[in-house]
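Take a look at the structure tokens below, where one protein chain is shown in two forms, each on its own, as structure 1 and structure 2.
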Structure 1
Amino acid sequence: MTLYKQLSFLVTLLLISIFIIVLGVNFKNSTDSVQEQLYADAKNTATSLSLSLASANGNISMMSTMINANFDNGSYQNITLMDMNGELLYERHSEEKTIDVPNWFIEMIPIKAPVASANVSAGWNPIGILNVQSSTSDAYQHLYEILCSLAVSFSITFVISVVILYILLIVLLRPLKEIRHQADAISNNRFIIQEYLPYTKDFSEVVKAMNIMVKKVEDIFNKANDALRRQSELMYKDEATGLYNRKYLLNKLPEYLKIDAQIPSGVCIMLSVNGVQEANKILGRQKVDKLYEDIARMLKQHSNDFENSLVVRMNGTEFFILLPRCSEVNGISIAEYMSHASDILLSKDLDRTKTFLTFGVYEYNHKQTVSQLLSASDYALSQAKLFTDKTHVYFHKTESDAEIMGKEEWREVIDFAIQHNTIHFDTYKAVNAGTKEVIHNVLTIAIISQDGQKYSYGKFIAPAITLGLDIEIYKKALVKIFKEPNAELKGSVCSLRLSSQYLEDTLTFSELKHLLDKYAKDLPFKLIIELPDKALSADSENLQLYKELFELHNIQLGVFEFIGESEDYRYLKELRPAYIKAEIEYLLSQTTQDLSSLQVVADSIGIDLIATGVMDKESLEKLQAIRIDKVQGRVTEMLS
């Protein structure tokens, strides 16, 4: 129960109590006053009548007449005249008259009309005692009217008081609302600084303390962010040419060579500047450095036409260009063009037989490993150096492994899965190796063909991308998750990856929104949607929509393929993902300082760091040595 509700309840209770007590006291006073009045009236009558009776000089008949005259002209219940021995001489008594007062009131308020007495004399001698008792009917009528008017006036006052007090409570507790908002933000790793300090001293102190705390955490984050940003610049950039370096290439290549790569093939060109020593002697170091800058500019210029292209300076004399979606023919012609262009760059003073550029061209596809690609590129370059022709370009063709299934066969299998909804989910676990606790279940999509054959994500996704059916598969998979959730996963946390292609598709958003609006609240497990770091750090307009949609339905985000190449990590603070997943190779290749900054950034905003692709215990031990316990990969099977 919120403080506002508690206080409202308390205030209402207090007001009701006060009003009941005040009403009670008022009514009690009124009742006492009415009783007093009854006695005073009776006493006045008794005294005045007894003085009148003295003039009758003991004549009973005359005294009776006098008593009758008083009784009939007043409101009495009883008038009795007794002699000095207590014997009744005369009595008048009346029944209570009918009044417009409910019975419950008469039963609840017993009014006993007091009896007032006075001595009656005849000359010097006392001859009797006169007792007078007033009627209670008028008193009841009067009291009931008092009660009604008290009830009405108190009800009006109560309502007005409650309204005023509630308004005051709202005003007084407004700062508390702000504090709560700030506290909620802190627990969700969002940092809000309260600009306006509440007037109430206690609240003001709390806000100040929270502001200081938030500021400190934010400072820690900012410092770590700056450090990480500076380090990533140093770590990934070649200072002389401004190109990426070999380390960046090694961290980035898995993105191009994964099974669900957006662009599954392309050309990579490795080039080497030969005869640098001679060039240094002839031109001097400064001019040669300038030459490198020109070459870098030229390489970038020629690779710009290819989306997601990479230009890397591998070492002093070698460069690497990756051109996704580039064909063999195009690759060779670009290399030849660059070779011609380099001729122009090289000074006329240089001996062209000694100083020249060689280009090794290699056509890659996503099925290769990083080392395979680099080895083949190296081989192409070495061949180019060996078999130099006029253009110094050598092309090395991949030995393509024969496809087990052709395109049409795959189309049949995938179409069947889409049409008949034979989408299936495999689950594996992300585990905290320290506590052996399961962090979440990772859901991966599998499909089942007409003949009952199951195809895992790794097998079917590449053909699906080639056939342009991957987004359709994702859509079907999402529908299945929400409409037919796996009951066995009830109460757990599950993650599902969505590709950049899915997010970029213009039609997916409205379908997913409709799905979430309808089914998200009934999902039996907590869902985390994993999105690639590159897409998240780009922070596109489209992605904003997804973020808001997921937030609305209490679906958390996860980051995968993290290689720390962003220029600023504030997007993590704004996004508040549940975790960052990075390949083990990336994490192990970090310097202590880099890793420490990354961990501070993650810790300060409450993000877990999970290593993926951890295959054996040896790798796990290396990770644990750098304080990374949360892992995903084959090693999780050995942890249970």
Structure 2
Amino acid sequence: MTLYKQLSFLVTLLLISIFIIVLGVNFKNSTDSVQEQLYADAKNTATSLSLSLASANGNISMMSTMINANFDNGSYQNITLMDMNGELLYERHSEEKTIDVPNWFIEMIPIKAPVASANVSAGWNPIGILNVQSSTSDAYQHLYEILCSLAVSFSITFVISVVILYILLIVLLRPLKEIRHQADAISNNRFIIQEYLPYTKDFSEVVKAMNIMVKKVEDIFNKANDALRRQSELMYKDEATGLYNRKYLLNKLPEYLKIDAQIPSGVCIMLSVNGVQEANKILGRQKVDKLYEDIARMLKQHSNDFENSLVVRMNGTEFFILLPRCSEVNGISIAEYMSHASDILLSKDLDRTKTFLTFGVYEYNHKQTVSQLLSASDYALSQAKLFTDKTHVYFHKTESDAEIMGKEEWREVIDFAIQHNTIHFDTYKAVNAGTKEVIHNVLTIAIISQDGQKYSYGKFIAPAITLGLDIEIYKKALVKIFKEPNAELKGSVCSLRLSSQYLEDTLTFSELKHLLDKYAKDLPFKLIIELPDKALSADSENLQLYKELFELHNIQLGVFEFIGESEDYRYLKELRPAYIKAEIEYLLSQTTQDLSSLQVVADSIGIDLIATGVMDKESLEKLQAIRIDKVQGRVTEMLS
């Protein structure tokens, strides 16, 4: 029970007690007053009537007439006239008249009308004693009306008092509500500074203490963020040319070679500056450094036309360009054009037989590994160095595996899955290796063809992207999750990965919103939507819409493909994802300082670090040595 409710209850109880006591005292005084008034009325009647009876000189008939006249004009229960020996001379008695008073009131409030007596005499000759007793009916009626009046007036006063006190409580406890809101925010890894300090001293001191605590945590995050940002710049950038370096290329290439890469193929151009020593001797180091800057500018210029292109300085004399969606012919043409342009860049003082640029061109596809791509590029460059042609360009093409299924066959399979809703989910686990606990179940999409053949995500997604059907698959999968949730997953936490292309599609948001509004509250398990780090760090307007939609339906965000390339990590504080997933190669390649900064950033806002692609226990031991226990990959099957 909240403090507000407790105080409200106590205040209400106190008010009720006060009003009951005051009401009881008032009613008791009224009752005593009525009883006194009954006696006073009876006494006055007895005195005045006895004087009247004295004028009758003992004539019973006249006295009875006088008694009847008083009795009929008053409210009496009994009037009796006794002689001096106690014998009854005359009596008038009335039955209790019917009054509009509940029986419970009469039973609870006993009123006894006192009997007033007066002597009746004629001169010095005593005639008898007159006894008068007033009727209690009018007293009950009067008291009941007093009670009703008191009850109404006290009820109105009670209601007004309660409302005023509740308003005062709300005003007085408003700072406490803000403190509670701040405490809830801290427990949810959100840090709010209260600018307004409560007037109440106790609350004000609590707010100051909480603000100091929040500020300290925020400072820890900001310092770690700055450190991580500076380290990322040093770690990934070549100072001389401003290009990315080999380490960045190694961490970034898996994004281009994954099974659901949006652009599945392209061209790599590796170029080398030959005869650098001769150039240094002739031109000097400064002019040679200027030559590298000119080469970097030329490479950037030729890569600008290709979406998601990469330009990297591999080492002192070698550069690397990755051009997604570039054809073999176009790649060779670009290399030959750059080779021709290099003649302009190189000084006329240099010997062109010793100092020249060579270009190794290689056409890659997403099915290759990082090492295969780099080895093939190296091979193309080495062949170019041996190539005696004036262009110094060599193209190397690896024979690709023949496609088992053509585009039309894949279209038929995927169309069937979409039309007949044969979407299926495979599940595997992300596990805390330290405690052996399952962190969440990872849902991956699979489809089933007309002949019952099941195709995993890794098999069908590349053809689906090529055919432009991947977003339809995601739409169908989300409908399947919310309309036909797997009952076996009830009570668990599940994650589903969505692509950047799904978020960028103009129609997906409204469809997903309608789906969540209708079915999200009935989902039997907690859902985490995973999005690529690149999309989240971009913080687009479209992403904000999805973020607000997911928050509204208590769906958390997860980050995957994290390689720490953002210029600022404040987006993590704003998004508050449940976890960050990074490839094991990225995590193991970090220096102690880099990893420490990343862990401080994550810990300060309650984000878990999960290593993906962990295949064996040897790799797991390396991760645990750098304090990373949460893993995903084949090794989870070995943890019992």
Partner chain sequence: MFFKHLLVLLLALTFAEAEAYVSQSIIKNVEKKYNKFAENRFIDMQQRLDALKNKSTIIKLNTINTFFNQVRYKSDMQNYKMSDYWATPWEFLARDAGDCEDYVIAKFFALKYLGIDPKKMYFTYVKSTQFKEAHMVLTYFETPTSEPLILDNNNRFVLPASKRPDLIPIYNFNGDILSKAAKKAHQKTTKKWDDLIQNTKKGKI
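Along the sequence of structure 1, residues get numbers from 1 upward. Whichever C-alpha set is largest while still superposing within 1.5 Å between the two forms counts as the rigid core. Because the structure is a prediction, the values reported are computed rather than measured.
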task: Assuming the other structure does not fit, state which one is the form predicted in complex with the partner chain.
output: 1
statement: The rotation of the smaller rigid part relative to the larger between structure 1 and structure 2, from C-alpha superposition and in whole degrees, comes to 18
message: Could you state, for a rigid core superposition, the Cα shift of Ser64 between structure 1 and structure 2 in Å?
response: 9.6
task: Can you read me the CA shift for Ala113 between structure 1 and structure 2, rigid core superposed, in Å?
output: 3.6
